[in-house]
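The chain below stands alone, shown as structure tokens; this is the form predicted alone.
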């Protein structure tokens, strides 16, 4: 279903009284939603939003959930039990639901008033991946409901994001191999980011490093770095900095300046250096995580190669009862 058309239908169905948007998923799908939740909090004057891991949404649904709510749910397989149950909870409360999945026969789809079966596998073509679809839908809902002054330049950004990402992947590829060789024996990484990008610091830590490479990892918000975490800094501790464009870049730069003095193992992935500044400054921050997902995926692949550890290898997920 076309994104802008869906946004119009959602607002119309609420009779213009839409008051909250909830983003509900698990794991990597939840990570993909972070930027959309961030956008509403940063830009909307009429909407509130919530970012929920699905099982918590099921057990502790928000009190405001109801007929003026829309719940956006995503499950790559389309059968994540917690997410399907969350959709049922949303429907029971009278909310509109939007489901995203890769699976055309997903159990999530019958519980979705609107649905998107997205494309997957080509990280150079990100516009039709779930993160971009949900961001586009969220921005379009806000624009339809109350107007968004930067909507036209946002649309231009969507038009060129595939090109930006493809060029960035080409540029970073040699660096990912050097990174993997240098850090192949490291058991632990700290991943820093801020603003709309922080969700992907979290995602890279828990999915790419912990789930896919069985490494210890922790995400750190650049703004929180100086309020506890910086005490672990030394020449032997590895940090990955996802330095974004936008209003919180100063937070990243402050953390990086400190790391430049007291750390020696620092990998900087800079959205500006990788060409995201081709997108207008007024909206570029919301494209940071789309770029970082594809670029950092190259880093995790390079690590998998030097570790001889396939990205699909699992000890527990889908193999034992939990």
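Residue numbers count along the first chain shown, from 1. As the structure is a prediction and not an experimental result, all values here were calculated from the model.
Just so you know, the form predicted together with another copy of the chain exists too; it's not on screen, but the next bit is about it.
Put simply, of 132, 215, 172, 161 only one has a heavy atom within 4.5 Å of another copy of the chain in the predicted complex, and it is 215. For the options 180, 137, 220, 243, the one in contact with another copy of the chain in the predicted complex, meaning a heavy atom within 4.5 Å, is 220. The three residues 67, 112 and 116 each lack any heavy atom within 4.5 Å of another copy of the chain in the predicted complex. With a 4.5 Å cutoff on heavy atoms, residue 273 does not count as touching another copy of the chain in the predicted complex; it lies far away. By the criterion of a heavy atom within 4.5 Å, residue 42 is counted among the residues contacting another copy of the chain in the predicted complex. Contact annotation for residue 190: at least one heavy atom lies within 4.5 Å of another copy of the chain in the predicted complex. Using a 4.5 Å cutoff between non-hydrogen atoms, residue 97 does not count as a contact of another copy of the chain in the predicted complex.
Contact with another copy of the chain in the predicted complex, defined as any heavy atom within 4.5 Å, is confined among 86-94, 103-111, 221-229, 122-130 to 221-229. Residues 52, 53, 55, 56, 59, 60, 61, 62, 63, 64 are the members of 50-70 with a non-hydrogen atom no more than 4.5 angstroms from another copy of the chain in the predicted complex.
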